[in-house]
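Shown here is one chain on its own, the form predicted alone, set out as structure tokens.
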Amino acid sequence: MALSFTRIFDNDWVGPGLVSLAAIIGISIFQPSFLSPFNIFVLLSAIAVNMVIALGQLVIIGIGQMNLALGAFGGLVAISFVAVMELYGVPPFVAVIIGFAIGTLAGGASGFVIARTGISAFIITLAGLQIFKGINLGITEAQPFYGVPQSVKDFGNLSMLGPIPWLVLPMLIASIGMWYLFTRLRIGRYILAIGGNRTAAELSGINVTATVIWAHAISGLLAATAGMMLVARLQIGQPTIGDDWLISSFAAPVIGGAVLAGGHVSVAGTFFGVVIIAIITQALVLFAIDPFVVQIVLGGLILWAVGINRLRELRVAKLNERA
């Protein structure tokens, strides 16, 4: 019984989950308005968007790479999504399909270059960040698009049940889909195998090139989803969408137990990592604390999470040596 209880704490999501629960209880004691329906709505809206962003980075971390262009993908899709509706009268449903296609193709193209050339994903996605951001600014001329249909605005700012916003729906679909991909689908196992040991994955017959391309295409699809969710929430096609995604997209998966070297990820852990970041941000607003503090706390959380992961790796290595 004691052994089973101890094993529960080996799960990546338990630590961040307990921290989230403690933070919610602590903040609500000192600031009861934290659990008001309006604040819950705002908090869940932020969690929904940031979770999809984090999942877009998580799939790339799984293969032991990073996607610095994630925000640029989301920003390009966001303004393209609004542009086709405003300028060409495209219905929202069709515009969503176009947005998905742009994000998937952008991500797939990035993955293709990485897989075929062997150049570091850091370099390729850094170049992609500049290229896609340049396309974004070229389309918008640094001016926002305002022609967001009312149905899209309603989706981003109305609740489907009590204080639960409609934005939670795409987050749930994306989260369940990514959990299923990593635990049940062959492509998910291939992604983690490549991240764990690329050479061994190649020797076992895994098509590394195709898997890397698929991983980046999925990342682009999730970035597109988050970009359109932000358009619905902000009610505007803002060219700056995606500019601030980079740090949080890495922080949440790492806090949630993902190994930056690849091979190990946790969808549930990532969710609680997102919750922790959202709670910290919201608490700063409620307690009127200077915004720069969140950056300091976020950096500390990343160091803490990496340290915990390192200790876990050392413990596993020692157990394997004894075995």
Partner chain sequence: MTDATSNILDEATPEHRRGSGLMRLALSNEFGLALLIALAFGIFAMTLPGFTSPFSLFTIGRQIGIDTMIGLAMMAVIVTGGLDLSVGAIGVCAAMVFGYLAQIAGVPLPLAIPLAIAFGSVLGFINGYVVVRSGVHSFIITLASMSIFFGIMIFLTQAQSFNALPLAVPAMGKLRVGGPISILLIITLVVCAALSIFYRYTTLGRQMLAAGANARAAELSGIRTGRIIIACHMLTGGLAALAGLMLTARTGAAVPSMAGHLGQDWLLPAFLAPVLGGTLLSGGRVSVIGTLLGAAFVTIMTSGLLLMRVGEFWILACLGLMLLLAVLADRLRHQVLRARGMI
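Positions refer to the first chain, counted from 1. Just so it is clear, the structure is predicted and the values come from calculations on it, not from any experiment.
Note that the form predicted together with the partner chain isn't included here; everything after this is about it.
Of the options Phe250, Phe155, Phe145, Phe182, which one has a non-hydrogen atom that comes within 4.5 Å of the partner chain in the model of the complex?
Selected residue: Phe250.
Work out which of Ile135, Ala210, Val90, Leu105 lies within 4.5 Å of the partner chain in the model of the complex, going by heavy atoms.
When the partner chain is considered in the model of the complex, the option within 4.5 Å is Ile135.
Is Val306 a contact residue for the partner chain in the model of the complex, using a 4.5 Å heavy atom cut-off?
Yes, Val306 sits close enough to the partner chain in the model of the complex that at least one of its heavy atoms falls within 4.5 Å.
Is Ile164 one of the residues lying within 4.5 Å of the partner chain in the model of the complex, judged by heavy atom distances?
Although the partner chain is absent here, Ile164 would stay clear of it in the model of the complex, with no heavy atoms inside 4.5 Å.
Can you tell me if Phe292 lies within 4.5 angstroms of the partner chain in the model of the complex, counting non-hydrogen atoms only?
Yes, Phe292 sits close enough to the partner chain in the model of the complex that at least one of its heavy atoms falls within 4.5 Å.
Could you confirm whether Val267 comes within 4.5 Å of the partner chain in the model of the complex, counting heavy atoms only?
Val267 lies outside the contact set for the partner chain.
Considering the partner chain in the model of the complex, find the one stretch among 48-56, 24-32, 279-287, 254-262 with heavy atoms no farther than 4.5 Å from it.
Partner-contacting stretch among the options: 254-262.
Along 100-124, which positions have a non-hydrogen atom within 4.5 Å of the partner chain in the model of the complex?
Those in contact are Val113, Thr117, Gly118, Ile119, Ser120, Phe122, Ile123, Ile124.
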